[in-house]
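The chain that follows stands alone, in the form predicted on its own, written as structure tokens.
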Amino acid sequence: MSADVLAFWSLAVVLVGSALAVVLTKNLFHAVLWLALALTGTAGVFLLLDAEFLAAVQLLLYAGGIVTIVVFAIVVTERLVGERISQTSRRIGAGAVVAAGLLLMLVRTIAQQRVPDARPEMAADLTRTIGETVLTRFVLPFELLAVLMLAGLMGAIYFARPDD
């Protein structure tokens, strides 16, 4: 077994374990910490795929930025409400059945595919390729996403303003 395969399966165990912990943990703050571990594990998978730029973006934006915002929201909400916030997993049985069905479909689909023996060669500079693709081929969705984010920011400013 090569080091890449061992690293992948180690990251897979961490990802699945932390994802299950996010869903099954009662304490909301602990769930966010498990989410941070899952997002960091995803960055590790990107590193295994030689996508350093995507790993850095994953760590900075998601594991760093989004988790920080969620933790801040939890702390502020707990102060406003005045009690600890916990999550309850309602209909966990139905969710487990649906998840098992989806897992079965995924495993069956993946098992039917032919897996190449060697990993294909990557482009010379993946970061440059991503940048050129986003700003040429996918420029319209990129700009629409910017408009959507601006609308979300304006809505957040509207709801956060004090009532005068």
Partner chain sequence: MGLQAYLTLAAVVFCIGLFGVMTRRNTIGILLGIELMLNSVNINLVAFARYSGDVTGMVFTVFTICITVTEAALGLAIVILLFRIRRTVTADQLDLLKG
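Under this definition, the rigid core comprises the largest set of C-alpha atoms superposing within 1.5 Å between the forms. Quick caveat: nothing in here was measured; it's all calculated off a predicted structure. Numbering follows the first chain given and starts at 1.
In what follows, reference is made to the form predicted together with the partner chain, a form of this protein that is not presented.
- A residue is said to contact a partner when one of its heavy atoms sits within 4.5 Å of a partner heavy atom; Ala124 fails this definition for the partner chain in the predicted complex, lying far away.
- Residue contact check for Thr136: none of its heavy atoms lie within 4.5 Å of the partner chain in the predicted complex.
- Of all the residues from 23-43, those having a non-hydrogen atom no more than 4.5 Å from the partner chain in the predicted complex are Val23, Leu24, Thr25, Leu28, Ala31, Val32, Leu35, Ala38, Leu39, Thr42.
- Relative to the superposed rigid core, the position of the CA of Val23 differs between the shown form and the other one by less than 2 Å.
- Annotation: Cα of Leu33 displaced by less than 2 Å between the shown form and the other one, core superposition.
- Superposition on the rigid core between the shown form and the other one places the CA atom of Val139 2 Å or more away from its counterpart.
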